[in-house]
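Next up is one chain by itself, shown in structure tokens, the form predicted alone.
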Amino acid sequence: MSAKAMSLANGRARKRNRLAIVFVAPAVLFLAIFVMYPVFYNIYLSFTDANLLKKNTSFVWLKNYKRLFSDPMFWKYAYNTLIWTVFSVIGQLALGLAIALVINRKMRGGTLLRSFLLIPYVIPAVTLALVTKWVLNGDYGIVSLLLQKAGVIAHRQSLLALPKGAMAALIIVNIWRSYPFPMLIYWAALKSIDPELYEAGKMDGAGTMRLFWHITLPLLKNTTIVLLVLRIIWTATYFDLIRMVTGGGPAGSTMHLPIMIYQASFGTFQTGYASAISVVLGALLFFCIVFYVKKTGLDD
């Protein structure tokens, strides 16, 4: 290749590189301003005594973390977060998969049914919270009245007034609200499974359950891992429903770490302490991301 041709090729390569930088720069700038900066600034605040009512801020190093880990309420709220997240995610994935298996079959009115099943996901959280409080009202709520007649709860009692009942009710509502997302993802994954695998299984004498356990579930493994990680992150940080329905009550039985962060920030204005809580929560969720990367082989 002549010197002139090499020079021309190098010029074109430099032009492509500059063009690539131009296209990538907005995304990098967006991530730097709206993602990386808030994360690092939050970590910085967690080592300070920052307070919304104070102008001056000073370093306290690990004082906020020592205070947090020595607070018995933190461990209680962390446990509540674990219960809320684990049972909500298991319920969402199980219900989403079950309904995906149903709508994956050819049926009359399937499009209408699928549209109807998406309704919970588009209902505003405030509407869902108001309806939940209404149907679970101890005096006139239809669900509470049915439970009272069945002898599950006392007269004029509500699940939202019972420590265990309140968390169970919120988890059920959250499962109902959130199952459409796993349902759609599972449905798309089911569509990608080769029907000939099921035909071969049937020819070998496999029944419906054996086909499910030995063909469907193994082929949905990667989809399940992705959904598991995403739903854990989204559920563990979900704030609206619990805040509007119970506010963390009764007696802190539904209080979880996002509400603890909110109260520390806007209740007592201790932004440094709130930042420490959010860093701990973020670290826990980071392990979920590491788990996802390891399981899907993205680190290879």
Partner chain sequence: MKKLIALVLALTMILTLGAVGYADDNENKLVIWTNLTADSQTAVLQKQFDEVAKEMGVEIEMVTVAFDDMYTKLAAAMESGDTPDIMHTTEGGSAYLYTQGLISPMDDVIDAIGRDDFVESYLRSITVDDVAWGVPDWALHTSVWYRKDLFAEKGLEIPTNWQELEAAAEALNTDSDGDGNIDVYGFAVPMAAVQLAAQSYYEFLFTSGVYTFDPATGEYNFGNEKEKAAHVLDYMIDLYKKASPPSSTEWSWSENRNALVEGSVAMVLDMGAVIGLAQTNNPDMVENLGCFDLPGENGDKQASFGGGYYFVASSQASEEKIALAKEFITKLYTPEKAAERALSRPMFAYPSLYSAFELYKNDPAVAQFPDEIDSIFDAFEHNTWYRYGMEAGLSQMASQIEATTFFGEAIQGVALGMQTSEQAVDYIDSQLQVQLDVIGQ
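Take the two forms, superpose them, and find the largest set of C-alpha atoms that agree within 1.5 Å; that set is the rigid core. Every value quoted in this text rests on a predicted model; they were computed, and no experiment measured them. Residue numbers count along the first chain shown, from 1.
There is another form of the same protein, the form predicted in complex with the partner chain; it is not shown, and what comes next is about it.
- Residues within 4.5 angstroms of the partner chain in the predicted complex, judged by any non-hydrogen atom, belong to 132 to 140 and to none of the other stretches in 181 to 189, 132 to 140, 83 to 91, 216 to 224.
- Site annotation in the predicted complex: the residue of 239, 262, 234, 37 reaching within 4.5 Å of the partner chain with a heavy atom is 262.
- Though the partner is left out of this view, residue 44 does not reach within 4.5 Å of the partner chain in the predicted complex, counting heavy atoms only.
- The partner chain in the predicted complex is not approached by residue 69, whose heavy atoms all lie more than 4.5 angstroms from it.
- Though the partner is left out of this view, residue 161 does reach within 4.5 Å of the partner chain in the predicted complex, counting heavy atoms only.
- Remark: residue 106 does not count among the residues lining the partner chain in the predicted complex, judged by a heavy atom distance of 4.5 Å or less.
- Residues are counted as partner-facing when one of their heavy atoms sits within 4.5 Å of the partner chain in the predicted complex; in 25 to 59 these are 51, 52, 53, 54, 55, in sequence order.
- A displacement of less than 2 angstroms separates the C-alpha positions of residue 283 between this form and the one not shown, with the rigid core held in common.
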